[in-house]
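Quick heads-up: it's one chain on its own, the form predicted on its own, in structure tokens.
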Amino acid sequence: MSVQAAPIATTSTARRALGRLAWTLVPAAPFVIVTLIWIMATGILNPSKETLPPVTDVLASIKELALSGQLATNVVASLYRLLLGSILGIVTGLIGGVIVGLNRKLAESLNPVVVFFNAISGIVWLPLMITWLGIGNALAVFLIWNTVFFIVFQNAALGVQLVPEVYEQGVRALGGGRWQTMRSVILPGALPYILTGIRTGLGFGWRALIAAELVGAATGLGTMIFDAAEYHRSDIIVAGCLIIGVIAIVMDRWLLLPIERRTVRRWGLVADTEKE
């Protein structure tokens, strides 16, 4: 019996592995379809390269930028601004959101102000900030911070407010203090909202970053795209858009998503199904 069970177990494991691989590759399907449509459109319609560059030209431009060192320089400059502005936005938004969320009356009184500034956050400030801060890293960092802050702030405050009060009362009934309640109930309960706010904030942070770099910066992916537009280099424009999208996907799926899963699992809010 044991001799026959081994191949069956091996086959079952292989099937599970293939199933996981298939689900991992599913998100790539839309990109493959769009690429095929792109190739067919350029082959059948034969548009001008300024209107729609061929896939081969875009890939050649990426290779050219990589070999010349321009790609690395622009990517590093953009990531530096994005990380600096996002870290400031996440830290300040998290602290402010938790503090406001703990006081429901304060949250209600500040809600109109938060809604107002959230509506004009990000690139809406661009014309005014150019006058105040000039063109450079300060402008980009402010726009990113302003965008990320309100998204994280609102999600953190909402997450804290939605934690059932009965859980807090239960910890206090067992002799837990304010800090014990925060650590054991409030923060774990608000964590999914906080992490969602961080992921969403970073996505909008990319938009603010590119907008700031389009206006004026010495280096950066936005600057690369803007300079290419002046010379009608659609291949570089499309290449820049693809690079931005790929970096965003890599950051979300291989950095933020694993952190979210491990953090939420660490606090015991989801089951560890991988071990089952």
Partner chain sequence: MSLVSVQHAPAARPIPVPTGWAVAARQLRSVKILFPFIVLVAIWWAIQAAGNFPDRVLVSPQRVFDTMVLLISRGVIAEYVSTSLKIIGIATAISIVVGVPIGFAVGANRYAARSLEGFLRFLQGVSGIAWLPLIIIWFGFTHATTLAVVVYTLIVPIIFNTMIGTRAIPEHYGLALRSLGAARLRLITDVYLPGALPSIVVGLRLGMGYGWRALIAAEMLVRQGGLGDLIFGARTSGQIDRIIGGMIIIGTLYLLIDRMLVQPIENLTIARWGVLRK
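Take the two forms, superpose them, and find the largest set of C-alpha atoms that agree within 1.5 Å; that set is the rigid core. Positions refer to the first chain, counted from 1. Note that the structure is a prediction, hence the values are computed from the model and not measured.
Missing here is the form predicted in complex with the partner chain; even so, the following discussion is about that form.
Taken together, Thr56, Leu71 and Asn137 are entirely out of contact with the partner chain in the model of the complex: none brings a heavy atom within 4.5 Å.
Think of it this way: in the model of the complex, the partner chain has a heavy atom of just one of Ala66, Ala218, Leu52, Ile39 within 4.5 Å, and the residue is Leu52. Think of it this way: in the model of the complex, the partner chain has a heavy atom of just one of Val185, Leu88, Leu158, Leu191 within 4.5 Å, and the residue is Leu158. Proximity of Phe117 to the partner chain in the model of the complex falls within the 4.5 Å heavy atom cutoff. The partner chain in the model of the complex is approached by Val34, whose closest heavy atom lies within 4.5 angstroms of it. Contact between Leu214 and the partner chain in the model of the complex is found at the 4.5 Å heavy atom cutoff. Residue contact check for Gln180: none of its heavy atoms lie within 4.5 Å of the partner chain in the model of the complex.
In the model of the complex, the residues of 232 to 246 lying within 4.5 Å of the partner chain by at least one heavy atom are, in order, His232, Ser234, Ile237, Val238, Cys241, Leu242, Ile244, Gly245, Val246. Once the cores line up, the CA of Lys63 ends up less than 2 angstroms apart between this form and the one not shown. Ala229: CA moves less than 2 Å between this form and the one not shown after rigid-core fitting. Comparing the forms between this form and the one not shown, the C-alpha position of Leu36 differs by 2 angstroms or more, with the core used for superposition.
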